[in-house]
Ligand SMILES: N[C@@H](CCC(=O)N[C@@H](CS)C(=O)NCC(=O)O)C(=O)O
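Next up: a single chain in structure tokens, the form predicted alone.
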Amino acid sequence: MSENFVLRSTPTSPFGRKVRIAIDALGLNNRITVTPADPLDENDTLRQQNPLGKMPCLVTQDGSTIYDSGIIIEFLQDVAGTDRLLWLRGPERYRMLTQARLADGIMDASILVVYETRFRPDLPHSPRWLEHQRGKIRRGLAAFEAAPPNPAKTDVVSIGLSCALGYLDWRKQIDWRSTYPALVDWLKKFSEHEPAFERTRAKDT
């Protein structure tokens, strides 16, 4: 009997979206239930499932947990019995992992820009801190602009980059579309290739 899983996440989490695209691409939708999580709620069981209180977090039938998004995707690839999203060995695996972490870093910096406002609503915002994070975003995007992944291939790199760009479209931490035309074209082509990108879009974005 196949094991089923629970994914703790929200529709607007870019890292959660990464996992949801992977779930769709791997054909595992019927084995995973998405249950909302609130990282700011002290009573949410997310803090017991992941001591860091961060999502996404995958819960197995025996109650054990797997986090973060990259490790969840590797685990789900094993569950699906494929290497479609990430090569299992060799130099290409480490190139893909490095590029996937670059996309994650863009998302991390993008989230920190949002948090500067969300968690300091009544305090002056730090221009230096905001520019530090936006610099990371711009440098990461410039690297992908120079060498974008194949838009006709769904893997850990393209999934991560698409979610990073989707999050920037939603929260508008920078005006990336006017500066990185190759990535604008790339995202259009990738979203046409991979229907899970649109299927995982939050309804209010």
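When you see a residue number, it is the position in the sequence shown, counting from 1. Just so it is clear, the model here is predicted, and its values are computed rather than measured.
Separately, the form predicted in complex with this ligand exists; it is not shown, and the next lines address it.
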Next item on the list: Choose from 87-95, 74-82, 111-119, 127-135 the stretch whose residues reach within 4.5 Å of this ligand in the predicted bound form, heavy atoms counted.
Entry: 111-119
Next item on the list: Select from the listed residues D68, E145, D155, D44 the one whose heavy atoms reach within 4.5 Å of this ligand in the predicted bound form.
Entry: D68
Notebook entry, point to check: Using 4.5 Å between non-hydrogen atoms, is F197 touching this ligand in the predicted bound form?
Noted result: no
Item checked: this ligand contact in the predicted bound form: F15, any heavy atom under 4.5 Å -> yes
Margin query: Can you tell me if K54 lies within 4.5 angstroms of this ligand in the predicted bound form, counting non-hydrogen atoms only?
Written below: yes
Next item on the list: Look up in the predicted bound form whether G140 has a non-hydrogen atom within 4.5 angstroms of this ligand, and give yes or no.
Entry: no
Next item on the list: Go through 19-43 residue by residue and record those having a heavy atom within 4.5 Å of this ligand in the predicted bound form; state none if no residue qualifies.
Entry: P39
